[in-house]
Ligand code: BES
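A single chain comes next, written as structure tokens; it is the form predicted alone.
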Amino acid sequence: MNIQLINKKSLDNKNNLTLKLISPQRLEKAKFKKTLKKAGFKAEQDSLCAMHGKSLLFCGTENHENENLRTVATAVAKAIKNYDYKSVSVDVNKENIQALIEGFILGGYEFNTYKSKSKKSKIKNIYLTCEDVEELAALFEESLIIAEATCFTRDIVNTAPDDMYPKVMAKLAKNLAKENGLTCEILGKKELKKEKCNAMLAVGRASRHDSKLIHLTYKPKNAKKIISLVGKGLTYDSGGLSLKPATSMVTMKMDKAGACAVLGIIKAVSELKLDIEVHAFVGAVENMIGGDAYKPDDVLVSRKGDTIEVRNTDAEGRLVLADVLDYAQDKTQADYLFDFATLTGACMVALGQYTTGVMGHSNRLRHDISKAASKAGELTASLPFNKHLKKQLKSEIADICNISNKPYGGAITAGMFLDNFIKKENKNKWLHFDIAGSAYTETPWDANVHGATGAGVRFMIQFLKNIK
């Protein structure tokens, strides 16, 4: 569906459905209140009541806060697909326009690439109506860019692993660079060997698809800050020789969600023309089994030079990120360094499936991210580092072990493993985002439908656009 911002006076009401947002407190004063009550409509959150004879759709919301408006728009986006109208309209203002756009676009999102037949909605346009289009035009464009970048991220995550392997992801990055005026550098097997990215190469060794390190750059004039984004891009994760159970292997196409988020973020930044320089680094790898697979008991030499004892080949994302983080720090002297990864199931145990785990040394930076996430409508929570958990990564035969020696605090010990590869001068500039729970869902929630959510894109753009 096409979303347009138009003046109220120019709306053509012919074959148009008008949305009316109404809270329980305002129901008593609502027009057609008697008819609504007869229909059993109580204006409860996300409840809908259609009066097709009047071409009206009443939408219940507890209040007009963004969180509730976003889910209302999501409920509407799903319901109207079955309606026989040409357009839908709703009044907007500067307080609610972003939430409504996100609800319509993200809540109405469908991934139909692999369906031989997909049902098409008869509704072609959603009109956001207001008194002064110029007043809301910039906010409208911004909201649209962010929502579409989130859907772009979702599309990549949802793509089947046989169609989205490292070479394809590199090609996608090149196309994005061409379309958005970015520069793009791709490191293949030969270049990765030269860079001594042995940990990353080991993870992808048994795959028929060569690993790729992707570096995209957005560089405006007079950039006030430099940001490095690093994404875990496991295009598929079988677990390697520490093979996952069959049920756990389903949905592992989502293990590239960190990389996809990074691509979505730099896409939005470039289209918003933010005055910050952004570098996106992606470690695109496939973790498979075979005669050439890396093994538990192997000792890998990372790009940094530290040796890593492998005790579980399913703790592979941190091995990829160890090399990519080290490469990113040498390549760019950034003011902030953020990595995104579907790193641990332990993060879901700690925080549930809806919340992104945030780890790092700077309390101020974590606080700023928390504020940005809250405003953007994403859930985040900090997980604290401590010296006792760090001891659990001790190896008797190498510098560090790739998993903890105890089955507790797994999300934090994974973050502390990555911390080992953050240079001293960058410790307070770095944050790690574990999106293992928040990046993918098989049960719709908020504005998220089945599949990828695009976790990280909205809150990072909210942070970056207000950076000082």
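Because the structure is predicted, anything quoted here is derived from the model rather than measured. Position 1 is the first residue in the sequence shown; the rest follow in order.
Heads up, the form predicted in complex with this ligand isn't pictured, but that's what we're talking about next.
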property: Ala99, Glu102 and Leu136 all contacting this ligand in the predicted bound form, non-hydrogen atom within 4.5 Å; result: no
property: Non-hydrogen atom contact Leu343 with this ligand in the predicted bound form at 4.5 angstroms; result: yes
property: is_contact(Leu241, this ligand) in the predicted bound form, heavy atom dist at most 4.5 Å; result: no
property: Contact test in the predicted bound form: Asp326 vs this ligand, heavy atoms, 4.5 Å; result: no
property: Exercise: Asp237 in contact with this ligand in the predicted bound form, heavy atom 4.5 Å; result: yes
property: Answer range among 314-322, 222-230, 393-401, 120-128 for contact with this ligand, defined in the predicted bound form as heavy atoms within 4.5 Å; result: 314-322
property: Contacting member of Leu187, Met348, Leu144, Ala177, with respect to this ligand in the predicted bound form [4.5 Å, heavy atom]; result: Met348
property: Of Met254, Ile214, Met359, Ala77, the one that lies within 4.5 Å of this ligand in the predicted bound form (heavy atoms); result: Met254
property: Those residues of 174-192 which, in the predicted bound form, come within 4.5 Å of this ligand by heavy atom; result: none
